[in-house]
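Just one chain is shown here, as structure tokens, and it is the form predicted on its own.
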Amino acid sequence: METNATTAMTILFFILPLLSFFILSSFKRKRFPPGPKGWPIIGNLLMMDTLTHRGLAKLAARYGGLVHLRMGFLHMFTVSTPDMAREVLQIQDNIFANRPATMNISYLTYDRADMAFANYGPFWRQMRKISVMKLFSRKRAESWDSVREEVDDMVKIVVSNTGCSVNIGELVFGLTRNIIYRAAFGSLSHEGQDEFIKILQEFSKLFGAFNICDFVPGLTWADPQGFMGRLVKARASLDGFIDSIIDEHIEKKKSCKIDEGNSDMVYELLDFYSEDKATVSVSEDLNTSLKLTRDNIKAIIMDVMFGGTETVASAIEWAMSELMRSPEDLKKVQQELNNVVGLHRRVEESDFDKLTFLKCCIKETLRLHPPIPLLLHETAQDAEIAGYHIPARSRVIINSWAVNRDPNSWADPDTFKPSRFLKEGMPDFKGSNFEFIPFGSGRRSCPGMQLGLYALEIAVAHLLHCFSWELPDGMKPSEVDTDDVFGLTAPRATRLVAVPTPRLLCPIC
């Protein structure tokens, strides 16, 4: 008995420390970042309404650049500093390259048949190639021509309202809507746009809606918020609208040859069309390595419409708003336009490289008001950041709005100061400077960045060169509202309204 007791004590003496070591090691490996405490089962779900770009920035100020939230059964991590953003978007980009998709998004994108929400893999890589080489390439003259022609139409509208109050927000939303509609469908008339915009608006509401089924999966069958009916109706509306356009394009493609430089995005996507199912194979020839279904084409067109309409319109309106609030900077831009272009002709694309201060104003606008303030990612496998455990299939939100205003990276981070970009070595927004990521970075950076920037620059340049702008009813620059509304983008809470007066000495249109 005594021998057995001694043996047992000896075993415990060696085993307990080992058990303690493994338990502590396991605990350490699964240590989550700091964050607000949640309730049993629901976690931090009651905070859902506060999880905007501004609300998450406040959480970061309290808990740090990497914050953990538990939303029901889902782990969520928010990233709000450049060093944490670099970890996710560059160092471990392969692990964080997936996109999360809510129940609503999955249904409306035909079970992730698009590029924006498709998980990282062979299909996504081929779709990225199509976007860069086909849909948004400078070789697609139709897209770039549509920008110039629609800007001309916008200028005509402003001329016809000389001396009257112009709702700049509605003006530029109409501009970007027309640009993307033409680029996607090739329609010179705007027939059918109103119907399509209504479909887009319903999709936008459903994309951004909080659905408790995403966080408590057992409730999916009950559909407690009644989303399923709206989802079915919305997708049926899209089917009815785009199916007829696809059918029309198929018939035209059969009957006549489409010039490569002038085809719209539907024609480009029909080059990969298959009536059977989507397939991906390893081949150097993009046309033979990828086949797309009708659902793929519809979902991708929706990506283009969402990615290029409200985002660009919001950026143009913010640029005009910030300059109206800063008369000295507005004067500098217009003086630069006078010096480079003069008042006897309109600004042209060849002038842009010389418009240094205008580009600084565009950069500063994008820093303060990134087109999409929250970038959504999902982990493909377990990961570790700064010693903290990030489980597989966790939702990771990169708060680009907060990252771009990081006080350790920018002096007076919340102030509009375009002259800061005149200094040598300032960060650029191409994705390698993680203190300035308005278009994201890494594998999931925005493929339409160049077309969006072109529309932004040419629209702002024409509005500032062709017209002087005054605030209505004696409003002072300091009274221009800078509040935003959280959503897929973060547009102004109220539309910008101003009164135009022609500046040019030549006929404007």
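The first residue of the sequence shown is number 1, and the count goes up from there. Remember, it's a predicted structure, so these values are computed and weren't measured experimentally.
Just so you know, the form predicted together with a small molecule exists too; it's not on screen, but the next bit is about it.
**Student:** Going by a heavy atom distance of 4.5 Å, is R444 a contact of the small molecule in the predicted complex?
**Tutor:** Yes, contact at 4.5 Å.
**Student:** Would A116 sit within 4.5 Å of the small molecule in the predicted complex, counting heavy atoms only?
**Tutor:** Yes, A116 is a contact residue.
**Student:** Heavy atoms within 4.5 Å of the small molecule in the predicted complex: does R367 have any?
**Tutor:** No - in the predicted complex, heavy atoms of R367 and the small molecule never come within 4.5 Å of each other.
**Student:** Quick check on E317: any heavy atom within 4.5 Å of the small molecule in the predicted complex?
**Tutor:** Heavy-atom contact with the small molecule at 4.5 Å: absent for E317.
**Student:** For the three residues L171, L323 and P418, verify that every one has a non-hydrogen atom within 4.5 Å of the small molecule in the predicted complex; reply yes or no.
**Tutor:** The answer is no: none of the three residues contacts the partner (heavy atom, 4.5 Å cut-off).
**Student:** Though the small molecule is not shown, can you say which of L337, C213, V304, I105 has a heavy atom within 4.5 Å of it in the predicted complex?
**Tutor:** Looking at L337, C213, V304, I105 one by one, just V304 meets the 4.5 Å heavy-atom criterion.
**Student:** Just to be sure I understand the contacts: of F439, F434, F196, W144, which is the one whose heavy atoms reach within 4.5 angstroms of the small molecule in the predicted complex?
**Tutor:** After the contact test, the surviving option is F439.
**Student:** Which of 235-243, 418-426, 160-168, 123-131 has heavy atoms within 4.5 Å of the small molecule in the predicted complex?
**Tutor:** Only one stretch qualifies here: 123-131.
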